[in-house]
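Starting off, we have a lone chain in the form predicted on its own, written out as structure tokens.
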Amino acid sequence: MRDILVVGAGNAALCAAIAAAENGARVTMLERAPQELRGGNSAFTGGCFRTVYDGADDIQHLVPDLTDAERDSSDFGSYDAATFYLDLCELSGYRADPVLIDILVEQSLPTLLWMKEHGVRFLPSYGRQSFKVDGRNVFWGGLTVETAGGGLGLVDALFRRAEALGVEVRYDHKVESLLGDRRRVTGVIANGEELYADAVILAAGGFHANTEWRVRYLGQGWDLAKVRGSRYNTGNVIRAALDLGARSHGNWSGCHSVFFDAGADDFGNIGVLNQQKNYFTLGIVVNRDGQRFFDEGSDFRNYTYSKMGAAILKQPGGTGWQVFDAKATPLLPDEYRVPRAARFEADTLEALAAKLEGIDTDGFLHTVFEYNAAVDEDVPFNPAIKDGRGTSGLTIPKSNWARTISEPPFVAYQVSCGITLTYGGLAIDSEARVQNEEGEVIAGLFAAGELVGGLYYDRYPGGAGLTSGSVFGRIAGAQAAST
């Protein structure tokens, strides 16, 4: 029986552990966090997975308890392999590793079905990824399913299965270095103890929680970003692999960052999730000068949200406001109703402006009135498609979903930058084996999840992160158990 060490305890690590155990290995997971904070970044997500599917039948396979009434009242559409592949290519500026993204696309649905067999419950993402149009729930943006209970529900389900398969989990175990050399790894040093194994799988996340590394690699100002997820993802495992001779890969100056509630804690709070603010497509966003600074309707939020944190960080004071009226607020999901949200409401735009501390009131009012006058009222509003309802004559247009900010009460949410994950990491091959600087495989060393480089660059298609963690975690576990 092969002994496998899995470093990390999020979605990718758990899928690796389960795959290794079901292939006959003895598996030990090393989780840096205490048990009550286990789960890595995965626990902080909404649990949405991006996958190839061909209509309602594939959704039914993932969601076996989907009722006939739910099928009849839903337009799931489809999301084929070519579209998924193209999305990954386009959002990376055509820099993504073609071998890795081909595997990600091809194995997306089979991997989710495998997870379902291991106890993960998938649901249609009604509350976050569909709008009611003509009485039907119309799904949009290629992102259709989520896990029951969100990210916490996901990791809890995977932990139950891993423990049922005999996987041992050691909490409060920080990996400091790897044992071996640039050709073979034989174990790790964790908490000062040497732990030996036939294979080691690294799945401990990126470096988004390392303030000094953010400034070093992402640039000036990134020390001011709030950490949306796990505080334990500091890049120490990436550094251990690089010190051994592993090859770095991907976009080390890029990251996934979102509009985040300005009142949120500096580090992710597992008790107060969904503090991101991603439905800016339904209103407008202004900075402290009261000016709009990007096209809020350029595409579905699934394809633009991951660069919004960087965009707001560049604005004066690194902050701004998302502004909606009474037409839009009923369409906002639960992330806009979290406790302690930086939310402001008034019955007039002038009164709203007076509540937005630090904003240029005249600039804000001019922006809103100018925007309202530019909206094309002749095009029907449809939030489930790129409806072409835009503006005319503005220096920065709004290309879709443009509606006037005109019906009270008016609401503004103050937002800042929340960093989710970093894009730079380790180089792996098609079997999730880590490569050294000479391009050779480091025997006994595998990797999956956010510490893998080469998948994401400029932007990130929502839900691809959990899917890639599961796909390459499953591959890493199976390969580690059989090699």
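A residue's number is simply how far along the shown sequence it sits, counting from 1. Predicted, not measured: the structure shown is a model, and the values here were computed from it.
Missing here is the form predicted in complex with a small molecule; even so, the following discussion is about that form.
Please name which of the stretches 417-425, 439-447, 51-59, 64-72 has residues with heavy atoms lying within 4.5 Å of the small molecule in the predicted complex. Going through the listed ranges, the match is 417-425.
Is residue 12 a contact residue for the small molecule in the predicted complex, using a 4.5 Å heavy atom cut-off? Yes, residue 12 is a contact residue.
So in the predicted complex, does residue 7 come within 4.5 Å of the small molecule, heavy atom to heavy atom? Contact check for residue 7: yes, within 4.5 Å of the small molecule in the predicted complex.
Is it the case that residue 320, even though its partner is missing from this view, gets within 4.5 Å of the small molecule in the predicted complex, heavy atoms only? Residue-level check for residue 320: no, no contact with the small molecule.
Please tell me whether any heavy atom belonging to residue 123 falls inside 4.5 Å of a heavy atom of the small molecule, as the geometry stands in the predicted complex. Answer no; every heavy atom of residue 123 is more than 4.5 Å from the small molecule in the predicted complex.
232, 336, 300, 114 - the one with a heavy atom within 4.5 Å of the small molecule in the predicted complex: Looking at the other structure, the residue within range turns out to be 232.
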